[in-house]
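Only one chain comes next, encoded as C-alpha cells, the form predicted on its own.
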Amino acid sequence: MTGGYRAGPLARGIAWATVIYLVLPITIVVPVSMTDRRYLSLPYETLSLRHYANLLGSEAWLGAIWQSLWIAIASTAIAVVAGTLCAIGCWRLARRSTEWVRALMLLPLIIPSIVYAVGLYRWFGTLDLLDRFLGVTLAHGVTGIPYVVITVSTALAAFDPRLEQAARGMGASLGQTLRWVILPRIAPGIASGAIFAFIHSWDELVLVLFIASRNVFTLPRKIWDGINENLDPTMAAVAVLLIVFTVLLLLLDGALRARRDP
C-alpha cells in the first residue's frame, strides 16, 4: 500500500464536475468568436474569422491592447522591484514585526477592489493622477505587489541561509551577496510573481473604471464599454486571444515552478 490519500469515485466526480462548470463558459466563447452573425451568437450557417479580421484592423481595439500591454509591463516592473525587496527584507530581519509588514503588503488582495478604487479616486484626485498613464500604472503596480511578495517569500523559505553566510564570510558585500547568491536562487519565484502581477494588470477593470476616462483606455475597459453599447462579436475574438495569452503565461509559470521544485 502506497502512502498518501487516494480520492474515491465521489470526490473525483465532484472535482471533474467543478472543472467542467468552470471551463464550459470559456469554451463557449470560442465558437461565438467565429460566428457568421453581426451579434453575439453561435455560428448559424458557417464558421467565420471576420471578427478576428475586424480586431486586427481596428485602431480602437489595437490601441486598447497596446495601452494595456505597456501599463502591464510598467506596473509589473514596479511590483517586482518593490515586492522582491520587501520579501527579502522581511526574510533577513525575521522578526515578529515583519509578519505585520507582510500582512500589510497583502491588503490589496484582501480589501474589495471597489473599496480600494474609491480610495484611489479620492487620493489621485488631489495628486492630479486621474486619467493618466502614471496613475493607472502606479495603481496596478501597488495591487500587483502581493503576488510578488507571496511567490518570493515562498522561494526564500526554501533558501539555505548558510549560502549567504558563506558568501559574507568570504568577503562578499551585501550587494554582491544579493546579486550573486540570493537573487539567482529565488529567480523562479520572482519570475512567477511577475507573471501573476502582469496577468493582474492585464485583466484589471475596476480600478480603471474609477481612475481613468478618455486618455487611458485599456483592453478590459474597451470590452466593458462594448458590452454596454453593442454586443459586437469582436469582443468574443478578443476574449479568445486573452484566454490563449493567459494560458501561455500560466504554462510558463508551471515550467518555472517545475524548475524550482525538481
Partner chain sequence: MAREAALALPAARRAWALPRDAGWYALLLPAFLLMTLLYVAPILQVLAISVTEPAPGIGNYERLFTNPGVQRVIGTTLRICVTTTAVALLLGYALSYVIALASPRAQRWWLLGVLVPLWISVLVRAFAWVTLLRRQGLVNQGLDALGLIEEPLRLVWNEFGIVVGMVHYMVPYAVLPMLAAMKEIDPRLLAAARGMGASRLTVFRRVFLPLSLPGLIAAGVLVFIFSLGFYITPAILGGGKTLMAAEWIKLQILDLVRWGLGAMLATVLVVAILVTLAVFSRVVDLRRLFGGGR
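Small disclaimer: the values here were computed from a predicted structure and weren't measured. Numbering follows the first chain given and starts at 1.
What comes next is about the form predicted in complex with its partner chain, which is not displayed.
At the 4.5 Å threshold, heavy atoms of S58 stay clear of its partner chain in the predicted bound form, well away from it. Using a 4.5 Å cutoff between non-hydrogen atoms, I145 counts as a contact of its partner chain in the predicted bound form. Although the partner is absent here, D203 lies within 4.5 Å of its partner chain in the predicted bound form, judged by heavy atoms.
At least one heavy atom of V118 is located within 4.5 Å of its partner chain in the predicted bound form.
Residues A11, R12, I14, A15, W16, T18, V19, Y21, L22, V23, P25, I26, I28, V29, V32, L40, S41, L42 are the members of 11 to 45 with a non-hydrogen atom no more than 4.5 angstroms from its partner chain in the predicted bound form.
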